[in-house]
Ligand code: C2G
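Consider the single chain below, provided in C-alpha coordinates and representing the form predicted on its own.
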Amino acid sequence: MKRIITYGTFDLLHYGHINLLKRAKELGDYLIVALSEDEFNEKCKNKKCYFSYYERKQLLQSIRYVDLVIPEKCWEQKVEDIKLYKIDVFAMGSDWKGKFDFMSDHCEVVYFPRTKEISTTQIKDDFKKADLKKEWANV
(Lines give C-alpha, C1' and ligand atoms only; values in the text may rest on other atoms or scores of the structure.)
Protein backbone atom coordinates (compact mmCIF):
# COMPACT_ATOMS: atom_id res chain seq x y z
CA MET A 1 0.00 0.00 0.00
CA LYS A 2 1.37 3.41 -0.99
CA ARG A 3 0.72 6.12 1.63
CA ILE A 4 0.62 9.86 0.99
CA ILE A 5 0.53 12.73 3.47
CA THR A 6 -0.24 16.41 3.05
CA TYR A 7 -0.47 19.27 5.52
CA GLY A 8 -2.58 22.38 5.70
CA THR A 9 -5.14 24.61 7.35
CA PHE A 10 -7.95 23.95 4.86
CA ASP A 11 -10.06 26.87 6.08
CA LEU A 12 -12.91 28.00 3.82
CA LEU A 13 -12.57 24.76 1.90
CA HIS A 14 -12.71 25.40 -1.86
CA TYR A 15 -12.13 23.61 -5.16
CA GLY A 16 -8.39 24.41 -5.07
CA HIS A 17 -8.16 22.33 -1.89
CA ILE A 18 -10.18 19.56 -3.54
CA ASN A 19 -7.83 19.61 -6.56
CA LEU A 20 -4.83 19.21 -4.25
CA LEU A 21 -6.44 16.34 -2.32
CA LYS A 22 -7.50 14.58 -5.53
CA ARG A 23 -4.01 14.85 -7.05
CA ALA A 24 -2.43 13.66 -3.81
CA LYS A 25 -4.72 10.62 -3.62
CA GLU A 26 -3.89 9.75 -7.24
CA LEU A 27 -0.27 9.18 -6.11
CA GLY A 28 -1.19 6.15 -4.03
CA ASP A 29 -3.71 4.20 -2.02
CA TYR A 30 -4.11 5.98 1.31
CA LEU A 31 -4.18 9.74 1.90
CA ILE A 32 -3.52 11.25 5.31
CA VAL A 33 -4.23 14.94 5.86
CA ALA A 34 -2.44 16.60 8.76
CA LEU A 35 -4.78 19.45 9.67
CA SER A 36 -3.36 22.47 11.48
CA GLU A 37 -4.87 22.88 14.93
CA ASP A 38 -6.31 26.27 15.89
CA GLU A 39 -3.56 27.07 18.41
CA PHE A 40 -0.83 26.17 15.89
CA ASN A 41 -2.49 28.39 13.26
CA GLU A 42 -2.73 31.36 15.61
CA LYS A 43 0.66 31.11 17.35
CA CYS A 44 2.92 29.79 14.60
CA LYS A 45 1.23 30.60 11.29
CA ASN A 46 -0.37 33.90 12.35
CA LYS A 47 -3.69 32.73 10.88
CA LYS A 48 -7.15 33.12 12.34
CA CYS A 49 -9.50 30.52 10.90
CA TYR A 50 -13.15 31.07 10.13
CA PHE A 51 -13.94 27.44 10.98
CA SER A 52 -12.66 25.65 14.08
CA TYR A 53 -10.32 22.66 13.89
CA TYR A 54 -13.23 20.31 14.59
CA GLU A 55 -15.37 21.85 11.81
CA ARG A 56 -12.50 21.76 9.31
CA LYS A 57 -11.78 18.15 10.28
CA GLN A 58 -15.42 17.19 9.65
CA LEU A 59 -15.30 18.79 6.21
CA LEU A 60 -12.10 16.96 5.28
CA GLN A 61 -13.40 13.62 6.56
CA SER A 62 -16.38 13.93 4.24
CA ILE A 63 -14.17 14.12 1.13
CA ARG A 64 -13.79 10.79 -0.65
CA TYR A 65 -10.09 11.28 -1.35
CA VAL A 66 -9.21 11.60 2.36
CA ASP A 67 -8.66 8.41 4.35
CA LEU A 68 -7.45 9.84 7.66
CA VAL A 69 -7.21 13.30 9.27
CA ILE A 70 -4.61 13.83 12.00
CA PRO A 71 -3.76 17.00 13.95
CA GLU A 72 -0.81 19.17 12.97
CA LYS A 73 0.46 20.64 16.24
CA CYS A 74 3.89 21.96 15.21
CA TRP A 75 6.23 22.36 12.25
CA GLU A 76 8.65 19.76 13.61
CA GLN A 77 6.25 16.79 13.69
CA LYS A 78 6.56 16.01 9.98
CA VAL A 79 9.49 13.57 10.19
CA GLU A 80 7.81 11.77 13.10
CA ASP A 81 4.58 11.50 11.08
CA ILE A 82 6.45 10.08 8.09
CA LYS A 83 7.93 7.33 10.26
CA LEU A 84 4.80 6.64 12.34
CA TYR A 85 2.43 6.34 9.38
CA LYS A 86 5.00 4.73 7.03
CA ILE A 87 4.59 7.47 4.44
CA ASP A 88 5.83 7.00 0.88
CA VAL A 89 4.98 10.44 -0.55
CA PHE A 90 4.91 13.89 1.06
CA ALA A 91 2.70 16.15 -1.09
CA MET A 92 2.23 19.93 -0.84
CA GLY A 93 1.12 22.85 -2.98
CA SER A 94 3.75 24.63 -5.06
CA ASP A 95 3.54 27.69 -2.80
CA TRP A 96 5.75 25.58 -0.47
CA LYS A 97 8.16 24.52 -3.24
CA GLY A 98 11.65 23.90 -1.85
CA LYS A 99 10.65 24.37 1.80
CA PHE A 100 10.28 20.64 2.44
CA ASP A 101 13.00 19.22 0.20
CA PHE A 102 14.75 17.93 3.34
CA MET A 103 11.90 15.42 3.66
CA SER A 104 13.31 13.57 0.63
CA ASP A 105 15.68 11.84 3.08
CA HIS A 106 12.58 10.03 4.39
CA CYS A 107 10.17 9.75 1.42
CA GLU A 108 9.37 11.13 -2.02
CA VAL A 109 8.44 14.84 -2.03
CA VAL A 110 5.92 16.19 -4.56
CA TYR A 111 4.81 19.80 -5.05
CA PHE A 112 1.56 20.33 -6.97
CA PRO A 113 0.81 23.48 -8.96
CA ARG A 114 -1.73 25.70 -7.23
CA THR A 115 -5.17 26.18 -8.70
CA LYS A 116 -4.40 29.70 -9.92
CA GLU A 117 -7.80 31.34 -9.86
CA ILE A 118 -8.67 30.54 -6.21
CA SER A 119 -7.19 30.84 -2.72
CA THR A 120 -8.49 31.22 0.81
CA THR A 121 -6.78 34.62 1.03
CA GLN A 122 -8.58 35.72 -2.13
CA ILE A 123 -11.94 34.58 -0.73
CA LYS A 124 -11.35 36.50 2.52
CA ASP A 125 -10.28 39.61 0.58
CA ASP A 126 -13.35 39.38 -1.66
CA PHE A 127 -15.61 39.17 1.40
CA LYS A 128 -13.92 42.22 2.91
CA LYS A 129 -14.40 44.20 -0.31
CA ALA A 130 -18.05 43.14 -0.54
CA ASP A 131 -18.65 44.22 3.07
CA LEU A 132 -17.05 47.62 2.41
CA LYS A 133 -19.22 48.16 -0.68
CA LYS A 134 -22.28 47.17 1.31
CA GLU A 135 -21.39 49.61 4.08
CA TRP A 136 -20.81 52.45 1.60
CA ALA A 137 -24.10 51.72 -0.15
CA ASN A 138 -25.92 52.27 3.15
CA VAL A 139 -24.34 55.70 3.78
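All residue numbers are counted from 1 along the displayed sequence. Remember, it's a predicted structure, so these values are computed and weren't measured experimentally.
FYI, the form predicted together with this ligand isn't displayed, but the following is about it.
**Student:** Is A24 part of the interface with this ligand in the model of the complex - any heavy atom within 4.5 Å?
**Tutor:** No.
**Student:** Taking this ligand as it sits in the model of the complex, is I118 near enough to touch it, meaning that at least one heavy atom pair lies within 4.5 angstroms?
**Tutor:** The answer is yes: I118 has a heavy atom within 4.5 Å of this ligand.
**Student:** Would you check, heavy atoms only and a 4.5 Å threshold, whether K47 touches this ligand in the model of the complex?
**Tutor:** Flag for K47 set to yes.
**Student:** Consider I70 of the chain shown here, and say whether it contacts this ligand in the model of the complex, taking contact as heavy atoms within 4.5 Å.
**Tutor:** No, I70 is distant from the partner.
**Student:** Would you mind picking the one in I32, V89, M103, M92 that has a heavy atom within 4.5 Å of this ligand in the model of the complex?
**Tutor:** The residue from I32, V89, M103, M92 that makes the contact is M92.
**Student:** In terms of non-hydrogen atoms within 4.5 angstroms, which of the given stretches 95-103, 80-88, 24-32, 61-69 touches this ligand in the model of the complex?
**Tutor:** Comparing against this ligand in the model of the complex, the contact stretch is 95-103.
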